[in-house]
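A lone chain, given as structure tokens: the form predicted on its own.
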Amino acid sequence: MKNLLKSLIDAFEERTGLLKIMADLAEHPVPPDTGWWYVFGSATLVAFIIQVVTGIALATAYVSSSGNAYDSLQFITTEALMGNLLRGMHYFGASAMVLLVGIHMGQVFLMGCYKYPREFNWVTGVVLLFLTLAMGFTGQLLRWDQNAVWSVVVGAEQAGRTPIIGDMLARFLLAGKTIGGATLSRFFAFHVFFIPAIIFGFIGIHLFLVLHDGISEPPVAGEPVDPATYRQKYEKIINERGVPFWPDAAWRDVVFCVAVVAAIFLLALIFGPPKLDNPPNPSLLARDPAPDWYLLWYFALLALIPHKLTTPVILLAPLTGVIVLLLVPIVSNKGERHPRYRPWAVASVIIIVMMIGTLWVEAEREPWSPDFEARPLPIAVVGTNIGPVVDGAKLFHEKGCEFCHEVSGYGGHRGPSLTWVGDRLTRADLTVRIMNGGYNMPAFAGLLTEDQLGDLVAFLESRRKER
């Protein structure tokens, strides 16, 4: 049996040469002391493989039609064999992939690994970053629930603001004038076929460039990159101190990748996939739609900036980000690599991480979203239990004012606080605001009787620091 197996392997190798190629790849020399900072690229690839495997498994039961997609996901989650686990792994795998590709790019930037001769490695990495985000965006709609549908509607509305081609982009995104079954089919095709195929292609190019240019050696302070002499210095390092990729360097990749797979599995097992929202109803917006966590920071940015800046930010922020990332290896492909001598590089990474983190925390709070679960104001806040002030306080809750306006810690934060509004606005001012409405506030003219308007104004007038 042993001889037969050896004969089969020898015959396979004689005709293909694949075993020698794999052995050469495993044994190719790399710089010494690469350390744990070099594991994130391999871990990102493993996370993508998890996405492919779990995605194929989920696709065997998922029905990409507007009438059946939601029910098919319910079936996968509650009835299909290991369906809940697979959905959880697919979700946490996507989160891991986004997180790891971000860390990998930060590590490459801080260590100057994008400098000569690895400029194109960086460019392909930038493309892979945005393809990963595109995978996350297209995948969210496949849940086909209320939040997913309205998230895409918001995305199409943003795309529609692009000058000249905006209407065309929105129609392409929705596969028509409005969201429907054609939209779901288009997103399914991009999520399952087109974008993964492009990712596979760029991963191949990225790995080829890594082999062609070699793995970047750890930066040494005071040894800048000089394109005229770098290759000779690199070859000298490899020839004199290089170690085989396997096992000397790759064992760290294996350990970290196993940890990533285990973490994704355990998170899926313990927490499961994200819960589905209500079935889609494009005619009803019951809540502010929100993307998955890795895009929440951008969602918060758009919600927090002044309304008049929304369109410029929507159009210019992503374009500026792409251009800046692509220009990095062009404007700085030589010189120092060590972070100690590149304070602006370190500062820029810290600023970006702090900005994204702060916006993400703010997005979790959602101060711009109405609080539909706000409780009626208690008597202790109203200050009395008889008269028009009490009736106005009840109207303040019943008409939804409290969902957006906070009074003494009760209510939402979408609009300005009205805790001491009586000190700021007169009775006439309050009447005009209520009747005419304003930005993000409906006009109540015709919705309130004269007595109701008087009660509501009386309650707001009573909101003073000294009563």
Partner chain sequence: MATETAQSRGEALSPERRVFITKVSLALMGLASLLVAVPIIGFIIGPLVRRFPPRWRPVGSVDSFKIGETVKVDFRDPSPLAWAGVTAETAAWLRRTSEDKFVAFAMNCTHLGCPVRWLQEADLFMCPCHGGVYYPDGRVAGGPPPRPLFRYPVRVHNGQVEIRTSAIPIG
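These numbers were taken from a predicted model, which means no experiment stands behind them. Residue numbers count along the first chain shown, from 1.
Below, we refer to the form predicted in complex with the partner chain, which is not included among the displayed structures.
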{"query": "Output flag, 158, 177 and 289 jointly within 4.5 Å of the partner chain in the predicted complex, heavy atom basis", "finding": "yes"}
{"query": "Partner-contacting position among 213, 119, 167, 391 - heavy atom within 4.5 Å of the partner chain in the predicted complex", "finding": "167"}
{"query": "Residue among 30, 404, 418, 46 with a heavy atom within 4.5 Å of the partner chain in the predicted complex", "finding": "404"}
{"query": "Region of this chain that lies against the partner chain in the predicted complex, out of 181-189, 75-83, 218-226, 89-97 [heavy atom, 4.5 Å]", "finding": "181-189"}
{"query": "Any non-hydrogen atom of residue 67 within 4.5 angstroms of the partner chain in the predicted complex", "finding": "yes"}
{"query": "4.5 angstroms heavy atom contact with the partner chain in the predicted complex for residue 25", "finding": "no"}
{"query": "Residue 136: touches the partner chain in the predicted complex, heavy atom cutoff 4.5 angstroms", "finding": "no"}
{"query": "Distance check, residue 425 to the partner chain in the predicted complex, heavy atom within 4.5 Å", "finding": "no"}
{"query": "Partner contacts for 365-389, taking the partner chain in the predicted complex and a 4.5 Å heavy atom cut-off", "finding": "368, 369, 370, 372"}
